[in-house]
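Next up: a single chain in structure tokens, the form predicted alone.
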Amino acid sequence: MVKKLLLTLAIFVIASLALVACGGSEFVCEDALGCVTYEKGDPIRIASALVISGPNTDLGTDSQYGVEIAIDFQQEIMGHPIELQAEDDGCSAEGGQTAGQKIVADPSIVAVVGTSCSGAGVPMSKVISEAGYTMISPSNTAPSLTDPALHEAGYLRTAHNDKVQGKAMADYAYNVLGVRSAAAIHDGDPYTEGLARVFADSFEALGGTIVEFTAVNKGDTDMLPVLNAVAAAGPPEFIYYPVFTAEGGFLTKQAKEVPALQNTILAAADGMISDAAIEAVGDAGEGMYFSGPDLSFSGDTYEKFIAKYEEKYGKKPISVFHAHAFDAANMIFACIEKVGVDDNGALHIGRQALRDCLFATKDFQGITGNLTCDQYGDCADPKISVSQLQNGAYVRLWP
């Protein structure tokens, strides 16, 4: 009986080895969301969905460069090169919807870095999540995207939550600049409205007065009706308009045409920190303030990153979320290495396993800080600074 058992076991082992030698092993995917399989030598495919056209191009292109540099540094994962499919989020809900649908139509894409704009992130996060994919945004900051009641299962971000930025700008206006009255203007986008609301609430909590909380429409060029209404309500000592480049340029220039606002301090946010925004505000922007991520990064990795950026693209970073995009891509790469299954050169990646790994990220050492993700996808080590436009350059003032 023992001899028969040993003989059977030997035959099983020999057969198993023969099967493996012939490349005949069968991987069975038991992941709840399915698996992405790359055959031996095939590239691992990730997508980006960033604003790479229109007036906000600098914002998305800067992040795109961050992803590309992360790929250059990583080179390969488990013997597979990395390939990027770049989509445009259009900085709009329609653009986010379209980019998301295109991405999920391709089963070879394992994860996404995007979107640039929160307005694009809202619909895209739903499309991506329902299809079982996972995305990490480098620059969505709207509080709604990680709100427990609204969060989509496959959505994370390395950007700060505007609950932090709005409070910081209110603190700067009230405690550093010493203003006691302010107005806030948004354009209806989840990012702009959310940030304006947090600023207004935080400013009032400090003891200040919000004389007007109002909005322009995306695409508007005549801002005088709104600016005159703001002036009539105060005029305020301070106006915060965390909008994007085109609308921000018109608001800045036309505020100078309203007599009652001549002594009012103007301020915007990270949606207007770019070379394009400097051009849009022109001379009218001299001396205005901007809140955004603190870019006082340091360390060997960032020094190598900047050197590569300048070598590859021939210029210094053109906006503020390049490092957040670099970190997002590297979080994806790290989790692929953790959950990927090597099968004689083929690579299998479970979509749920990858998603679970990303949400479990803890103490990830990125350029932007020490990243730990919560259950709703907030991963940032949030640091906010305030800069002032001086002689055509953003000069960091605070903290």
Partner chain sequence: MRRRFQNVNFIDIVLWAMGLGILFLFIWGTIKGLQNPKYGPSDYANFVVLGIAQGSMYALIAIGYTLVYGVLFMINFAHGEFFMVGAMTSTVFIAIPLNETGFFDRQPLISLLLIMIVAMSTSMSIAVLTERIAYKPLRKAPRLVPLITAIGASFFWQYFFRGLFGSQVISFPEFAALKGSLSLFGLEILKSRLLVIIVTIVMLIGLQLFIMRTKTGKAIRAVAEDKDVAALMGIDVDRTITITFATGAAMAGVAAVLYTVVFRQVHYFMGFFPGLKAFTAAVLGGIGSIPGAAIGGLLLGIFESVGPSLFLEGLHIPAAHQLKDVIAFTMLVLVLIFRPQGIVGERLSEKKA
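Rigid core (definition): largest C-alpha set, two forms, superposition within 1.5 Å. If you're wondering where the values come from, they're calculated on a predicted model, not measured in any experiment. Numbering follows the first chain given and starts at 1.
Heads up, the form predicted together with its partner chain isn't pictured, but that's what we're talking about next.
Interface segment, criterion being heavy atoms within 4.5 Å of its partner chain in the predicted bound form, picked from 325 to 333, 166 to 174, 73 to 81, 221 to 229:
Going by heavy atoms within 4.5 Å, the stretch is 221 to 229.
In the predicted bound form, residue 301 touching its partner chain (heavy atom, 4.5 Å):
It does not: once its partner chain is placed as it appears in the predicted bound form, residue 301 has no heavy atom within 4.5 Å of it.
Residue 369 near its partner chain in the predicted bound form, any heavy atom under 4.5 Å?
Residue 369 lies outside the contact set for its partner chain.
Taking the shortest heavy atom distance, is residue 217 within 4.5 Å of its partner chain in the predicted bound form?
Looking in the predicted bound form, residue contacts with its partner chain include residue 217, since a heavy atom lies within 4.5 Å.
Using 4.5 Å between non-hydrogen atoms, is residue 292 touching its partner chain in the predicted bound form?
Taking the distances in the predicted bound form, the answer for residue 292 is no, it never comes within 4.5 Å of its partner chain.
Mind checking whether each of 186, 249 and 280 has a heavy atom within 4.5 Å of its partner chain in the predicted bound form?
Each of the three qualifies.
Quick check on this chain: which one of 306, 265, 318, 210 has a heavy atom within 4.5 Å of its partner chain in the predicted bound form?
Of the candidates 306, 265, 318, 210, 318 is the one lying within 4.5 Å of its partner chain in the predicted bound form.
After fitting the rigid core, is the C-alpha of residue 102 off by 2 Å or more between the shown form and the other one?
No.
Core superposed first: is there a CA shift of 2 Å or greater at residue 122 between the shown form and the other one?
Superposed on the core, residue 122 moves its C-alpha less than 2 Å between the shown form and the other one.
For residue 322, does the CA position differ by 2 Å or more between the shown form and the other one when the superposition is done on the rigid core?
No, the C-alpha moves less than 2 Å.
Given that the distance between the C-alpha atoms of residue 315 and residue 276 changes by 3 Å or more in the predicted bound form, do they end up closer or farther than here?
Relative to the displayed form, residue 315 and residue 276 draw closer in the predicted bound form - a change of at least 3 Å between their C-alphas.
Direction of Cα pair change residue 279-residue 91 in the predicted bound form, magnitude 3 angstroms or more:
Their C-alpha distance grows by at least 3 Å in the predicted bound form.
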